[in-house]
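Just so you know, structure 1 and structure 2 below are the same protein chain in two forms, each on its own as structure tokens.
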Structure 1
């Protein structure tokens, strides 16, 4: 099975600086593979192994995100055989349609059986790019897939909803967004990391003229720090625990 995994390279949200005026500074913020795309990469690796298939990782983004060889190697150490990149600094990829259209532009010529996406990106978390991509490509698509079993010309997919589990038979090619419950991403072994540097990286020439932003951002600010009383007691002896009990009884029970 020929599998494409869409991966987003995002700023590490734990290391974004907040300025005193609550605006964000990404200066010096390192890039990382979006957390939930690790599940998509792992699912692709397992499916590829089970079907003697291949995995191409695909990412669209700006130069700062996609140029560093460290990031490229990180993606390639997680089961992808090769990496395709669409590097474009004129787009911010700031909404689900813009990103889905950019991926669709890279995939319009087909040549795959299955496209896998993560649940949502660590930065914008719209959880919609996979579904929009599938619809734009005119392919069968669903979200929150928790198991994939290869069949002849199809995949049997388990999709976990809030109160039920659906089993769907999806003809290939198809586009699936996998849930983070589908697997536990494995940590790349030293051997995988060594091999990653030798795998091919293809920078694609793809026009993103069709991928116009659908959303305008009016402002972006860190939330106002909510005032908490921060009454702190140290130690877990009788006295401290009694203070906690008193607080609970007075304030909250």
Structure 2
């Protein structure tokens, strides 16, 4: 089985700086693989092992995100056999449709059995790229997948819904967006990190003329910062519990 995993490289949200005017500063913020795409990479690694298949990681983005060798090695150390990149600094890839069209342009010639995406991205979490990509490619598409079982010319997938588990059989090729519940991403071993430096990285020449943004970001502000309240309930036993309950009711918490 030939598997393509779409990976988004995003700024580390824990290290983004907030200026006094509440605007965000990305200067000096390191890049990382979107958390939810780690689940897609892990799922691909497991499927590849089960089917004696191959895994190609695919990412679109700007030079700052995709040029660093540390990012490339991180992706390749997580089970991918090779990495394909679409690097373009004229596009911000700031909305899901622009990103989906860019991925579709890279995948238009086929040559794969299965495309895996994370359920969303760590920065926007729109949960739209996978289903949009499937529609653009004209392939069977399912999101929120919590289990994948390979079959002859197809895959059996499970979707865990609110009060039931849905089981579907899908012909290949297909596009799946996997939930974070599908697995726990493994930490690359040292030998995987060492091998990653020897795996091929392909920079694709892809026309993104059709990948125009569908939305425009007017402004981006962090929430207003508020001082944390410090309420101390003194006392022991039932009196302290009663006082805490009264406080919670008063504050409607």
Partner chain sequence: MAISSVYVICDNMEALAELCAGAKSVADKVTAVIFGDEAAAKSVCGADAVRYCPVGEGASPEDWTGAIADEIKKEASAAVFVNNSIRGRCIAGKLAARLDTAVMTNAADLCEEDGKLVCSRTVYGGTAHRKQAFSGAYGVFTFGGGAFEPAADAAAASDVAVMPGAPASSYKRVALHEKKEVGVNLAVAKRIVDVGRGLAKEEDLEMCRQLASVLGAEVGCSRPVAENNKWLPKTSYMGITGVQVKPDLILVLGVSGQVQHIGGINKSKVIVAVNKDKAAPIFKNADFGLVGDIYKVVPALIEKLS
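Owing to the predicted nature of the structure, the values given are computational and were not obtained by experimental measurement. Numbering follows the first chain given and starts at 1. Rigid core (definition): largest C-alpha set, two forms, superposition within 1.5 Å.
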Quiz item: Between the first and the second structure, which is the form predicted on its own?
Solution: 2
Self-check item: Threshold 2 Å Cα movement between the two structures at residue 245, rigid core reference
Solution: yes
Quiz item: Superposing on the rigid core, do we see a C-alpha displacement of 2 Å or more at residue 233 between the two structures?
Solution: yes
